[in-house]
Structure formats: C-alpha cells, structure tokens
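So this first bit is one chain, no partners, the form predicted on its own, shown in structure tokens.
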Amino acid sequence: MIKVCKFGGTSMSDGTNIRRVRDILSLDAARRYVVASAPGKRYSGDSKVTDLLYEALDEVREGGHVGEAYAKVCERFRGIVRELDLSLDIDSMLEETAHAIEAEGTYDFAASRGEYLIGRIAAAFLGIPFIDARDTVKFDASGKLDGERTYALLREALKGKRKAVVAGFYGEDAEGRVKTFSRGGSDVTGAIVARAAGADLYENWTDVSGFLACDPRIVADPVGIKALSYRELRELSYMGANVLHSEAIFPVREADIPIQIKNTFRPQDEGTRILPVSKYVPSGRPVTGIAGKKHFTVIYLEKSLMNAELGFALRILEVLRRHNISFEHMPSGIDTLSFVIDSAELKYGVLDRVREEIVQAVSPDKIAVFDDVALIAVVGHGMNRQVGIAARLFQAIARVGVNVRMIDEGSSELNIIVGVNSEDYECTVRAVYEEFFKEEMPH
C-alpha cells in the first residue's frame, strides 16, 4: 500500500511540529511520499513565510536587494534547523536563495522558496531524498498543468525511491520559469504526487480534524463530516469551506484515489474521507454541509420574450469577457436573467461601464443591481431523495425573518444556493444548520 502525505504550513511551522510529522510517518510504513508546505504561523500575530517572501520581493523591486522581510525568513529557517539539530549548511542555502530571488524578480519564484527550503530541511531531517517540483511539475503555455508530462516526470523521479519529500505549491512553466499554484496549492501538488505514485490514499494533514458541517465561527461545535463525495467537496470548497484547495480533487478523482483529511495535532481523530461517487455511501442525512460567502453583486435583467431572442445571454457574457469578469451563478427565468459576480471584480467604476454596455448590447426592459449579497449553499447527495428539503430550507429562513433575494438550484440536485443580504448571513446559516442538524445540536 502507498500513501502520499501532504503537510500544511502549521504542521511545518517549527522544529517541534516537524518532529510530529516524523512521528506520524513512523506510525505507518505505507506513508512513503511527503509533500511539504512553507512554514505557517506559529502563534497568533506571527507571519507566514510565504507572506514574508512576497514582502521580500517588494523590497527587491524597491531597492534592488532583499531586506528586512527576507531577514525574518532567514531567522525562521535557521531556527528550524537549530531546533531539529541538523548539520545542514542553511546559511549557504539562504544566501543562494536571496541571490536567486533578486535575479529572478518574480512573485512566483520568491513565494516558491518557502516550499523549496522547508522541503530540503525536511528531507535532511527524515533522511530521505528531496525532489524539486521545478523538475517534475510542468505547466503548459496557457498556464495550465501539463498533466501527461508531469505524471511521467514524477513517476520517473519516484522510481527506486521508497520514500521522498516533494516540494509543494510550484512547478515550471513552458518558458522555464517557476510558476506557483494559487494559495493553498500544496494540496494540489499532493494530489498530483498521489496520482503519479499510484497511491492507494492521499492523506492531507492540516490543523483541523476534517470538514465540519458548518463554519464553527458561526455555529458553535458543528458536527464533523466523516465522509464526502468529490462532488460535495467541490461545492463546499467553492463556497468557502477552505479545509482543502478546491482544485486538489482533480488529479486523484481521475484515478479514484480517496483523500483523508487528518489533524497533525490530533492524529488519533478519524478526520474526513473524500471518495468518488461510485464508492461513496451517504450518511443518511439529507444535507451533508452548509457553506457560504459574502460580498456578491447581482446584475438582474428583465426582457419580454427573452427566451426567443437568440444570443441574448451570449451578448452579455461578451461584455463580461471584455472586462475580464467571471460570474459565479446565472439563475434565469423565461423573461429574466441574473448574473452573480464577486463584488471585488466590479470596483473602480467597472460596474457602471458594464451596466451601460449591457444596456447597449441587449436593450433590456429593466436592469437592476443588488449589492452586498451573501450566498449560502446547502449541499448533500441525500437532498434529491427526500421530499420537502427545499420547503424545510425556506421555512427555516422565514422563521428568522430573512428575505431571500435569489434562489439557484443546480441541475444535479446536489445543492441549493440562496442569496440573502450580507447582514443576514450569519443568522441565516444558523437557522439552516438548526433545521437540518437539530438532532445533533447540544442541549
């Protein structure tokens, strides 16, 4: 059996926690390949190494050389090497890295050095080989992962190595430059390594014991989720449940490799198992989880006989494309159409220009804009097998006096998304959670 283990930034934050990682690996001989994230925060108010590296590049761009931020990076890595009692020439590695950051001059390269350095340190501490992701994880000319090439290179790099450490978060683009995934992208690297290694399980070790049915900042002690399907994970992650990077499922899904979310600081906890739909057995609850996000803008249009007007939606989408704006949802009726957009994409007067161009493009009978909308997703495979789920959802929201601004139900019947005013977000989430998980709430 082969397990690939990705350890997050908190797990790699200092020498004590890296010793925890070693202990976890020693408990199971199947845990063969490790993907390391850059050191995260050690305590409240501390800085993540990745953030310091971004600041270090700002210093280079302002003055030509690394400065105070990079000095803090050096302090972190020297401290980790001391805590692990390693005979590693960390000073030479840090000096070489400083020169490389100054020479490369890109944020992607600077940020990647956190994973590179901690990978080198972890490999030395564990006494196993280090694999540089720049040599094995490749992006194509469009910036997307070149899967075929990457898997072939990783398989070759892992061949003959019973164990190894692979740096997370980055790879190399088509022009030979370091390119990173989006933040949290070490999760994606872990999935890629699991696919390349033919792993039986991808363990993602973090600082929480798996997914919860709801945000614990809103609902006290929500129930844990023991199992999720890939599809449920995708919906919950997309809507703000940030335990795992939403793109991490794609490499393993293609190979039917399960993911197990585990807690480095409570390794005895079961965590959450994420499975392909073919292997997933629903818990029996109609709803698996609730997630949401604030600060959306809805552009709402009405036009008689809209459904008979060929290319109506396409012309609006072309307006959004010209402004490089993506939409989150597009609920529609026979004579109505709405576009739900992250408000951050409509700053600096963009909304006014988009609105004017939409009017010119399609001449709607009415166009309206609703600001500060929050979206709440209720997700679960059991929803399409039980009568009255939508009724229960809207009754729960009505009981707390909240007006629903928008409804969007996916064709898969896996989720229902409602839009409410952002000021009503928390009380709506609590009401929905109480409705579907009241049997398991503390009394």
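Being a predicted model, the structure only gives us computed values, none of them experimental. For every residue, the number given is its place in the sequence shown, counted from 1.
One more form of this protein exists, namely the form predicted in complex with aspartic acid; it is left out here, but the text below deals with it.
Aspartic acid in the model of the complex is approached by A38, whose closest heavy atom lies within 4.5 angstroms of it. Although the partner is absent from this view, W205 stays clear of aspartic acid in the model of the complex, with no non-hydrogen atom inside 4.5 angstroms. Using a 4.5 angstroms limit between non-hydrogen atoms, H99 is distant from aspartic acid in the model of the complex. Residue contact with aspartic acid in the model of the complex: G271 places no heavy atom within 4.5 Å of it. This chain appears without its partner; in the model of the complex, the one residue of G292, G185, G210, P251 with a heavy atom within 4.5 Å of aspartic acid is G185.
Contact with aspartic acid in the model of the complex, judged as any non-hydrogen atom within 4.5 angstroms, is confined among 325-333, 344-352, 153-161, 176-184 to 176-184.
Contacts with aspartic acid in the model of the complex, taken as any heavy atom within 4.5 Å, map within 50-65 to T50 alone.
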